[in-house]
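In structure tokens, one chain follows: the form predicted alone.
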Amino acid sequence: MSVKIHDSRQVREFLEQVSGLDNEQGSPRVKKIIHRVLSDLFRTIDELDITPDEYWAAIAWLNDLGAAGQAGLISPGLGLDHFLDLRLDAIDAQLGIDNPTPRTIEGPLYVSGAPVEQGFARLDDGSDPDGQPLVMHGTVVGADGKPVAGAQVEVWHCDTRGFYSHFDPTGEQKPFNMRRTIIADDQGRYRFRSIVPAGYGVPPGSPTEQLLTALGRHGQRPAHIHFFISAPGHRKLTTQINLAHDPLVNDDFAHATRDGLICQVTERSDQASIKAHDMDGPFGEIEFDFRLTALVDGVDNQVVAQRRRANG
């Protein structure tokens, strides 16, 4: 159809009314954003000749998405989380800030309040029968290039089934399994023992999978481990490492893989390594240093205060 009404005076005035631009109440910022979003949506309906059936199918999908609590899952799937990272990268570039350890998306499965350990932590509780023992260690380095004593390393990851504690549909995992906060030692060193996590996919048949299927895309993630790294005088780093052995390491539906964050798991079976890390037998090892950046004019210009509320 060739009918186009978006640019008519009637629709322009209607957009100002529904977005509140015709009154003095409310939030000017919210009004501006809603006006832009609605204007772009109206134009899309016009230009693509979206039918009422298609529109109401989308509304039904949004209802299903909300009922499933998957807004935080489709957001990275549609690249929105990665786009926010790209914008932060561009802002840093404009400020002349280099990020030796790249930022990448948080994901929707962080849980605050994990047990705090000094220097070393055992993340897993030993209950995963398929878990390959893993040791990961390294140093947190500050903006001055020196180790940061007492830096805080928050770490979380899934089990070999792809399930996270607190979100495990089987209910088998205890609270805070494979979640810890590690306080680096006086030389900025952290170390933890756990198991090598598996990759995983979005829930089968879920609203997220339905949309990805319609886009001709899969909903799988490679094996990865999440981190928050923070220290006084530095910006909080949100990042994750992806494991190089996973065949999807460069085909992550959440677009989280970044250069500098792909890690090899080195197999260790020699007695010297086993003894050095106080292991019972062969294990995988990852060594990775995190490099922080300084505050900008005394402020962390990238911390996201509303993220905890968004994750519910």
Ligand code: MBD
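None of the values given here were measured: they were computed from a predicted structure. Don't overthink the numbering: it's just position in the shown sequence, from 1.
Quick note: we don't show the form predicted together with the named molecule, though the next part is all about it.
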* **Per-stretch contact check against the named molecule in the model of the complex, the hit in 53-61, 249-257, 274-282, 37-45 (non-hydrogen atom, 4.5 angstroms)** => 249-257
* Asked: Just one of 142, 207, 133, 107 has a heavy atom within 4.5 angstroms of the named molecule in the model of the complex, so which one?
  -> 107
* Asked: Pick from 181, 101, 165, 240: which residue has any heavy atom within 4.5 angstroms of the named molecule in the model of the complex?
  -> 240
* Asked: Are any of the heavy atoms in residue 226 no more than 4.5 Å from a heavy atom of the named molecule in the model of the complex?
  -> yes
* **residue 123: touches the named molecule in the model of the complex, heavy atom cutoff 4.5 angstroms** => no
* To do: Report yes if any heavy atom of residue 76 sits within 4.5 Å of a heavy atom of the named molecule in the model of the complex; otherwise report no.
  => yes
* Is residue 192 one of the residues lying within 4.5 Å of the named molecule in the model of the complex, judged by heavy atom distances? -> no
* To do: Heavy atoms within 4.5 Å of the named molecule in the model of the complex is the criterion; list the residues of 188-225 that meet it.
  => 200, 221, 224
